[in-house]
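Below you will find one chain, with nothing else, as structure tokens; this is the form predicted on its own, and questions on how it binds or moves follow later.
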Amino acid sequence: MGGTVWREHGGRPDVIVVGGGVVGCSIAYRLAADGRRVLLLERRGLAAGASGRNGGMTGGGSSLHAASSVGRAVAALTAANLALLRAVPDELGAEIELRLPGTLDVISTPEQHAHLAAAVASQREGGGGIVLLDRDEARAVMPALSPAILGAAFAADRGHLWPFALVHAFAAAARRHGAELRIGSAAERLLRAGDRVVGVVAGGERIAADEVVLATNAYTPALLPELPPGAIVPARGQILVTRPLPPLLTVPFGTNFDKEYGRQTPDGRILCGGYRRLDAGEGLGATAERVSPPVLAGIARCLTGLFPALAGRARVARAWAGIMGFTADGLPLLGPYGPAPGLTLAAGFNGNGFSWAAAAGRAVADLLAGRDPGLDLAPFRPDRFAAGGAAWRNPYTAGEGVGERGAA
């Protein structure tokens, strides 16, 4: 039953999903496939925010959460996500250019080496497919790397995809299952009956629903002002991309505690992002999607420092900025929001949403249907900061200056 059909017959949505990025479209698809009447609201356009302004990297696990039950929960959810991404061409009939050659986390300083040695050991104990390489082994994987590097961590089953293709594949599948995607419609506030969320106001219209899902990432606090300060903070990231070059980067890379990252696209362009520490306020709290010369200069130094062959050869084609949602502990907010029944959050993916979105969509659909998602979602409880506030200790931003000399 098409979404316009149930509206024409005076129906109302079972679920309103706010946000037309990869997470929101993934959720809308899974809910509609479950037979729910879904209305997705997107204020600008599909993939107009962070989902269309990123490096397209994806994979399983995390060196930032390698140990403990939290690390196991992250590994399980991101592994489930990767399995779902592999199935997209057959399931959705869409080519998303998923390539999984592995990734290199390049080591330029002793501090990075110590961090990655511990992270690799922890992940290997948990069965992760990651190994620590010395300089020569790393350069055997990617000969273009500078001989000045100290080594790298190589992680299998990681790689990249085409972000726009995945977002639109989920959106098209949601529509096929009857979801209505209303583009250019901004959710202004939540509708409440006491504590319970019972819909949203969008464009001055009061839209009632049984459930509301916020897949609004950095912008979640605007609709949920009672979130403790720091639970989700906007963070501006910037990327530059070169004109096409012959094959040079054999695998995607990260460096400086994964704060800089890049890859070569199938058509030969090299993109690289990072250097938030050179942005005003390290990019934290920023909501303007604009680039800044100091950040772009830092990214350029990163590329030519790690890959000397690019010096004097690479020509920048364009650059852009996007606004990510960072959380106080580096983990997303995923699941029902306890203080407001009827509200589910799927936000705060810390710049790594493509490693979570497909699995997040299935998990939210399972939760709203009363099914066991088969995953440990406890570390991602959206109300985990509600009692005592959010102490900002995000590993993606803390201590960024440590690796400055290594990435220059």
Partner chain sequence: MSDRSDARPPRQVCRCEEIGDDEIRGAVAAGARGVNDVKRATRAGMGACQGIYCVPAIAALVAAETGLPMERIAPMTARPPARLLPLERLAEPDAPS
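Since this is a predicted model, take the numbers as computed values, not measurements. Positions refer to the first chain, counted from 1.
The following text describes the form predicted together with its partner chain, which does not appear among the structures shown.
Undergrad: Using heavy atoms only and a 4.5 Å cut-off, determine which of R206, R192, R86, R315 is in contact with its partner chain in the model of the complex.
TA: Selected residue: R315.
Undergrad: Find the only residue in P229, P293, P143, G338 having a heavy atom within 4.5 Å of its partner chain in the model of the complex.
TA: Result of the distance check: P293.
Undergrad: Looking at its partner chain in the model of the complex, is some heavy atom of each of R139, A173 and Y261 within 4.5 Å of it?
TA: Looking in the model of the complex, the three residues R139, A173 and Y261 all stay beyond 4.5 Å of its partner chain (heavy atoms).
Undergrad: Counting only non-hydrogen atoms and a 4.5 angstroms cut-off, does R269 reach its partner chain in the model of the complex?
TA: R269 belongs to the contact set for its partner chain.
Undergrad: Although the partner isn't part of this model, could you tell me whether E91 comes within 4.5 Å of its partner chain in the model of the complex, counting any heavy atom of the residue?
TA: No, E91 stays farther than 4.5 Å from its partner chain in the model of the complex.
Undergrad: In the model of the complex, does R243 have a heavy atom within 4.5 Å of its partner chain?
TA: Flag for R243 set to yes.
Undergrad: Might L303 be said to contact its partner chain in the model of the complex, defining contact as any heavy atom within 4.5 Å?
TA: Contact with its partner chain, yes.
Undergrad: Looking at 25 to 33, 46 to 54, 341 to 349, 369 to 377, which stretch has residues with any non-hydrogen atom within 4.5 Å of its partner chain in the model of the complex?
TA: In short, 46 to 54.
Undergrad: Heavy atom within 4.5 Å of its partner chain in the model of the complex: which residues of 162 to 177 meet that condition, in order?
TA: Those in contact are W162, F164, H168, R175.
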